[in-house]
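Coming up are structure 1 and structure 2: the same protein chain in two forms, each one given alone as structure tokens.
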Structure 1
């Protein structure tokens, strides 16, 4: 089964990379966004008042965390779209009829997205070292692990969305409507503590809020022990979403 998983994962990576626009949108654009935002905020940080609502974004860790969240959301939207296209085209049904187990087929798609996320992170770091000052004390390996944990958790939501979207045409719009408002509630732009009680309660249960807290904290050097709650929340979200997906996921 592991050989089948590897072969299917490699096949899906090759299929994805055959479409240049997909690779550009997944890898190149986030790297350019990181360099552009990093240079812009670094030069503007001295002119932004500490009381500005954007101060948390301009503070250390805000830019890489925002770009990493965008990378994660891009991976999820891509997953939702591909699963929807495969279902609509009957590919999922044919794969289901092969000797491969269902978890092998779905895990291959997850591994593709995690691999591309890791590749994008490496490219982002290399570009950052060349064009935007990334401090030597930044724990890049730990930050990458935090991004992958966050991506894995949020990808599980993607399987639920992929099960409920009617056609592939609606996959990305519906996913965007669900995920992009979460960015505003993640605490990157406005501290969650400043939200009204109702919004604060919503923000505290959203996986994206815990992902942002984890990534931003790790970037600025906080220990993992300070983010046990964030990791736990992401793990709970993953388990719950996988359990729901196992019941509502449609192969045809």
Structure 2
């Protein structure tokens, strides 16, 4: 039942934009950082030379993928924080005494985070275009889809944390403890193939490695058919996490 979902989503977006630091932190700062980086390395022509290491990192897809994951994780952490603030403050309890379902609340927040992530990405691409020679061969549309799929899957891990974290004070640290090791195991820094077998198994179970492989592959122009396994793994992670969190969800 979707009753209340759009109203709640729209309201949460408005409320988010009213937070003095919210919008600046999630949208403006990453875009500005990106632009400054471009400016600092730009040559006289106003573009980052194609020989610059920055550009080669970009074209290999490693940097855009890492940036996407960081943005996603900051979205997850802020989801976890918001839900725990709502729980601690009794806002969830007040919502409970209405016909609203818990997952409508989570969905609304996911939509807020997804649209903000999308907005940040678009702003970065538009701002970066001036400095970086992103070739016409980069499939931006497909990459955006890959980012959204990855974001949903990673957010679903956030659901579980958000469903049970008792207070806002613990939300950020617990989220960080869970996600930063995942980034290290994602294969972005060290190839998974070189991990010891046990660690490799862990990395393959974690959705972040599949998200990284999917986004990086799509960026460098691999077809979707080469990543069916990644998409499947991300989908399974999503379903499992949603199922778990709907069981453990606590209103207060």
Partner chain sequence: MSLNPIAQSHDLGFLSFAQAETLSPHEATTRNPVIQVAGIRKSYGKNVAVDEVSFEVTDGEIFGLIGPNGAGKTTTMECVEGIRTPDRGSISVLGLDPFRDVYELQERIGVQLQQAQLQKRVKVWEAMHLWASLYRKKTAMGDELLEQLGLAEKRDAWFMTLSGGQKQRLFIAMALINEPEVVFLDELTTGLDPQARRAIWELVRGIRERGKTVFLTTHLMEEAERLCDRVAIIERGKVIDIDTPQRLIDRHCPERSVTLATDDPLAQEHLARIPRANGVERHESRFTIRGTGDGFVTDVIQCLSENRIKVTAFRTDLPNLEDVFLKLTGHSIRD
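For clarity, a rigid core is taken as the largest C-alpha set superposing within 1.5 Å between two forms. Positions refer to the first chain, counted from 1. Note that the structure is predicted; figures quoted are calculated from it, not measured.
Chemist: Just one question: which structure is the form predicted together with its partner chain?
Modeler: Structure 2, which is the form predicted together with its partner chain, differs in this respect from structure 1.
Chemist: Core-aligned, does residue 31 move its Cα 2 Å or more between structures 1 and 2?
Modeler: Yes, the C-alpha moves 2 Å or more.
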